[in-house]
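Next comes just one chain, in structure tokens: the form predicted alone.
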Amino acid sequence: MSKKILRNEAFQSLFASFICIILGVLIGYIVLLFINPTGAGEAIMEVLKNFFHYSKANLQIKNFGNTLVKTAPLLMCALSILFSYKVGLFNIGAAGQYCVGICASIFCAIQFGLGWLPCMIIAAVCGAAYGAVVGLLKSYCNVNEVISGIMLNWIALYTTNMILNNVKETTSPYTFHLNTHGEQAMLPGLGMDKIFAGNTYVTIALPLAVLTAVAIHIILEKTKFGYELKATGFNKNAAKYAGMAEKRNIIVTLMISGAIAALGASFMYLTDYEQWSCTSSAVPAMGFNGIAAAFLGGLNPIGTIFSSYFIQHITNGGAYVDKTMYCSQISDLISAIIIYLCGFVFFIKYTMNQILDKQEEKAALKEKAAAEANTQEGGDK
């Protein structure tokens, strides 16, 4: 029974993720000890506590809502990467597709005065079109999707800066607030602000992101379409021989991935929680943190829901570290260490299976030796 549990894919993913988290926290604590041992323990606890930093319940709930606001787009980026990875593709261009979603949703909301639903749809369509570029290059020019994705990330960033420069404040590099220039495009809260102590930024984005995760799980595991996509990822030549349109499947996969990432951007920016800076010189971290969330969740859409929340939890928690003892970047460093270790989930699972294989092999050899001994004893008698 215990061997069955240890062989279980879900248990292995959970165990490996837990080990990565423990190691990440430990290494982060050691780094803090080297910088300033006096407040290392308190600092690492602040990262883990996050909104529990506050003593009042209403402040805890309100700041818990802030973590959830950022969890929704992170989950969408993680699902974007997971979806393409399941089909044998590595969509590192999710960050660029996220930028495209930001550009489309904000510009349509402020410049054209569209509502939240059309803004979301347009963002998804633009993200899909941007993903299709990577898919076309991969299918017809054999350009590696990682190379084209990275290059397109920067094109998306600077194009977004250029376009959104038309809808920014005159005295700052930030785009207009939606509550003053595009209130009709703000996502509805459906009364969730009452649950989260008046936090108006908590909207339908979170339930929509969770429903997207469930939908992706059903598509990949329960449908013919999902089976064809995965078959193409495993071996596109075999898929072609079986009559599947392998080039079309690659393009469709990256289009869906792009749409998911761009939709995640609309989940963030149509809440008015953040404004876009038109002088940004780095692509949003969401696209890259989504890689860690996908792998920490064991490349399972349901597991990715929890891993996305955890990564956002420690990222937000870093803001409460005492800045008089540590520089402002220390929270990012601790978060980065834990996120980096998330990449070892599959290595830990592989090691577990290797150990179990050796144990089973030894047990089988013992049984064989015992059986041979019994046969020899019976022959002697």
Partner chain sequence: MLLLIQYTLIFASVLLLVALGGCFAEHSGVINLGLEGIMVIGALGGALMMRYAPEGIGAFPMIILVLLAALVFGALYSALLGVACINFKANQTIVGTALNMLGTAAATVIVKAINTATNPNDVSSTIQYVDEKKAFIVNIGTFEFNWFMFVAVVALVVAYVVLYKTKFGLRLMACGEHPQAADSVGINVYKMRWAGVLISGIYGGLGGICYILSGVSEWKFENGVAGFGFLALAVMIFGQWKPIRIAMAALIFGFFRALSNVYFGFEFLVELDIPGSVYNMLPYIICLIVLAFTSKKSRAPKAEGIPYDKGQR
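Positions refer to the first chain, counted from 1. All values derive from a computational prediction rather than experimental measurement.
One more form of this protein exists, namely the form predicted in complex with its partner chain; it is left out here, but the text below deals with it.
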(message) Please tell me whether the candidate spot formed by F90, S281 and A336 is one where all three residues come within 4.5 Å of its partner chain in the model of the complex (heavy atoms).
(response) yes
(message) Only one of 319 to 327, 59 to 67, 352 to 360, 42 to 50 has heavy atoms within 4.5 Å of its partner chain in the model of the complex; I'd like to know which.
(response) 319 to 327
(request) Evaluate F288 for contact with its partner chain in the model of the complex, applying a 4.5 angstroms cut-off between non-hydrogen atoms, and reply yes or no. (result) yes
(request) Report yes if any heavy atom of S148 sits within 4.5 Å of a heavy atom of its partner chain in the model of the complex; otherwise report no. (result) yes
(request) Mark F344 yes when one of its heavy atoms lies within 4.5 Å of a heavy atom of its partner chain in the model of the complex, and no otherwise. (result) yes
(message) With a cut-off of 4.5 Å between heavy atoms, is L137 one of the residues that contacts its partner chain in the model of the complex?
(response) yes
(message) If the cut-off is 4.5 angstroms on heavy atoms, which of these, I256, C126, L152, I216, is the one near its partner chain in the model of the complex?
(response) L152
(message) Quick check on this chain: which one of I302, M162, A245, A238 has a heavy atom within 4.5 Å of its partner chain in the model of the complex?
(response) M162
(request) Heavy atoms within 4.5 Å of its partner chain in the model of the complex is the criterion; list the residues of 20 to 45 that meet it. (result) V31, I35
